[in-house]
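First, one chain by itself in structure tokens, the form predicted alone.
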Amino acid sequence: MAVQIEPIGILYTCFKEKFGIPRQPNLVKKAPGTLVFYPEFAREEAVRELTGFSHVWLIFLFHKAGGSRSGAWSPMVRPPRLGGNKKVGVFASRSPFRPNPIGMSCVALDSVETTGQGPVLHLSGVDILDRTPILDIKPYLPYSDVIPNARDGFADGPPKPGLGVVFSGKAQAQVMEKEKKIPDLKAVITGMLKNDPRPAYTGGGDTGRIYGIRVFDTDVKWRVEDGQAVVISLEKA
């Protein structure tokens, strides 16, 4: 049976590449996103009463990941929560490499803006790559979506922050200047780094190696020293 799914819009976020994106929603609460509808779905009546909800579910495409069409999916994956050393079934994970590369995230709905091109949703707590196609939006319902006694398997509670984060004198001056145009930039960078985006296979043996992550229009250079992520500099990407 043929199934045709059409994206309803595009999500613009501060995350310009996959490396460094939070592995779950709301781990970086200040991380912003803007959902712009395609013209045929950009109708005010389609979002009527949506502002009554504090959070929404986003159903989206992992458009930079493989799926069944490309043959890139695998029945077993290595979740970062298990250190990248243990495999679990793909359906016991949130890996993007799935038979159908579909993801979902529950994010905060900050506001609904009315524009000449239709409604625009302003969101926060996103964990999604910039320019991701959105398939659907559903309101988050606390009475139904919260299950207090649910088991969380190998995830075993929220991840523990892996790194302290400090800014060099140069980086501190740069972030203060950039925050004149990009509010909460330091909070977003700190949230990304404290969750330790490094590949699990490094095993902590990469002290001194300089990494780069792209966030907003900024290339953040950082390294790990004595269990801390040291932000070296912020340059224009």
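Note that residue numbering begins at 1 and tracks the sequence as displayed. Small disclaimer: the values here were computed from a predicted structure and weren't measured.
Keep in mind the form predicted together with a small molecule is missing from the figure; the text below concerns it.
Student: Answer yes if any heavy atom of Ala171 is within 4.5 Å of a heavy atom of the small molecule in the predicted complex; otherwise answer no.
Tutor: Ala171 lies outside the contact set for the small molecule.
Student: Can you check whether Ile128 is within 4.5 Å of the small molecule in the predicted complex, heavy atom basis?
Tutor: Taking the distances in the predicted complex, the answer for Ile128 is yes, it comes within 4.5 Å of the small molecule.
Student: Would you classify Ala92 as touching the small molecule in the predicted complex, given a 4.5 Å non-hydrogen atom cut-off?
Tutor: Residue-level check for Ala92: no, no contact with the small molecule.
Student: Does any part of Pro25 reach within 4.5 Å of the small molecule in the predicted complex? Heavy atoms only, please.
Tutor: Result yes; Pro25 sits at the interface with the small molecule in the predicted complex.
Student: Heavy atoms, 4.5 Å, the small molecule in the predicted complex: which of 38 to 46, 206 to 214, 181 to 189, 54 to 62 makes the cut? Say which one.
Tutor: That would be stretch 54 to 62.
Student: Consider the chain as shown here, without its partner, and state which of Met76, Met104, Ala72, Ala155 has a heavy atom within 4.5 Å of the small molecule in the predicted complex.
Tutor: The option sitting close enough to the partner is Met104.
Student: May I ask whether Lys18, Pro96 and Thr132 each come within 4.5 Å of the small molecule in the predicted complex, counting any non-hydrogen atom?
Tutor: The answer is yes; Lys18, Pro96 and Thr132 each reach the small molecule.
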